[in-house]
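Presented as structure tokens, the chain that follows is alone, the form predicted on its own.
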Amino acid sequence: MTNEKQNDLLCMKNIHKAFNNVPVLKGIDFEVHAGEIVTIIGSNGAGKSTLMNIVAGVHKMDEGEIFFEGKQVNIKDPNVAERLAIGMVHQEPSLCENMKVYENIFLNREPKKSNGLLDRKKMIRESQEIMQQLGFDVDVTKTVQDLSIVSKVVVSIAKVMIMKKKLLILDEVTAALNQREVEHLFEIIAELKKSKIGIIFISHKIREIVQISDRVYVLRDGKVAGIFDKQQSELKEKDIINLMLGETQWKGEYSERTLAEHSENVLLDMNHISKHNMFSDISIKLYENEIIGLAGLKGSGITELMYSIFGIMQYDSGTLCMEGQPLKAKCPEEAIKRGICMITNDRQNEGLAMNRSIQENILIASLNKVKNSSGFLNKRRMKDVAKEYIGKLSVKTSGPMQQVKFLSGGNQQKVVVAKWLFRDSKIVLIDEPTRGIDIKAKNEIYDLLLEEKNQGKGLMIYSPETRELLNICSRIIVISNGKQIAEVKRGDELFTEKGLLHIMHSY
């Protein structure tokens, strides 16, 4: 260990970690200086979150050394990490859903009055102050379970930032944020950097990485494949992608696609449908052989619109028809029977049974498709289907019977997608299809969605990444504050990232 290494804020040497005898980290060296933003990128299952969970005390390393501010440390649990002033915002918000926002922010650090009672006024006041500093409008007296995904992410960040930290780990925190929110978060990160806080940033979004990073560590198969340093040379998207994938043909995050025209048969016909305080006067036609996009800022009512189609909630007025027949599903089961499925943006709470296997999760919505002539489940067929989708989506796993909770976030998302694609529904509603998924897997999912389209299905997709919508959609409907404000088609002058962002931010 050289003196230079000892002066790093964080220095990790030869870190190894395995789960169920499967190696995940295979001798990682990693370092962060004070006042530096270091990004970690890699395919799903490359070991990014595992490495950071070791720093945060969530996992124990099997072998290696960790130095913090020049001293060797044993981060055996999160309490040690907290004493060292290390904070981590996890990919999936880890909050107490039944508690209020301010109670989560001060959990286990509650200030008390002189009489020993909790000082709730102080907690509320300081929670509001940290939200103002972050620039996000979140009601701190609300219960967490009533918040949107993006608000939960903001609360997780606030919970860490209210403590004075020397090292801040942000694991896929931008996955649920739209572009304006990401830009605002980056302004906050830049201010933290000026105050000499070390920041570790994990993301699959290459543009963000190039924009914010001082150095980039590329992980591949549990090892450091290479390091890019902005001080030595310009960070380039294609160089990072090619090193991450171990390939040379990737020029950018999204491959060029040619889309065939949709049919004239209307699958879903929305006429002036509204839901009080959520969306109003929405009229959209979805055709066979079509993928349409929904673009808008978080909180614009898009998720609630999809919920109303899928039967999670009911719309108040207007008409909705599927293949010419009225549709007002009272519950998701009714929508599924009609031939509608929905991939939600909250995979852990709504999309997956976390304690069940990959195989069970893929098949749970389509058990009738794996029964034999006697009406019993065909175990061989079940295993074959699970293996087929594991292969199609490159799910990194020890096998179909592995519990979903032991997969990385990106691989969990692939299982959600596999479940509904196997269901073979006529209409597929997708709320953020590639949240937390690496570049190669994104394009594999896009190819599968295009296969669904070419089989005569209709797909409606929301994504906070406008580039994703431009890549696979024939039309994009822009929604702002619950209202339909524009429609742009492939080939239109405004069918560009700049054009869509101009429309979205003009209302």
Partner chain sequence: MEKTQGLLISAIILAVLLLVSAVFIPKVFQPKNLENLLRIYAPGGIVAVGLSLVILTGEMDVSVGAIMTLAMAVAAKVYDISEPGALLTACITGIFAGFLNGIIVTKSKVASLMITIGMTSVYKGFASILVRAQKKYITDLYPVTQRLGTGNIFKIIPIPLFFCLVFALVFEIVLRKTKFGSWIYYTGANKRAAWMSGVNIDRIKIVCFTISGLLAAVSGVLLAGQLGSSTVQIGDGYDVTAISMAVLGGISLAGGKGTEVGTLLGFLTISLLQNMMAIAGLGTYVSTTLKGVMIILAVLLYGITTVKKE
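These figures come from a predicted structure and were not determined experimentally. Numbering follows the first chain given and starts at 1.
One more form of this protein should be noted, the form predicted in complex with its partner chain, which is absent from this view; the next part is about it.
Highlighted residues N349, E360 and I364: every one comes within 4.5 Å of its partner chain in the model of the complex, counting any heavy atom. Among residues of the shown chain, E333 is one whose heavy atoms approach its partner chain to within 4.5 Å in the model of the complex. In the model of the complex, its partner chain sits within 4.5 Å of a heavy atom belonging to T344.
In the model of the complex, K371 approaches its partner chain with a heavy atom inside 4.5 Å. Within this chain, A353 lines the site of its partner chain in the model of the complex, having a heavy atom no more than 4.5 Å away. Across the options 105-113, 77-85, 209-217, 418-426, residues that bring heavy atoms within 4.5 Å of its partner chain in the model of the complex belong to 418-426. Only one of the listed residues (K166, K238, K142, K405) places a non-hydrogen atom within 4.5 angstroms of its partner chain in the model of the complex, and that residue is K405. Checking L118, A190, I227, L377 for any heavy atom within 4.5 Å of its partner chain in the model of the complex turns up a single hit: L377. Along 311-325, these residues reach a heavy atom to within 4.5 Å of its partner chain in the model of the complex: G311, I312.
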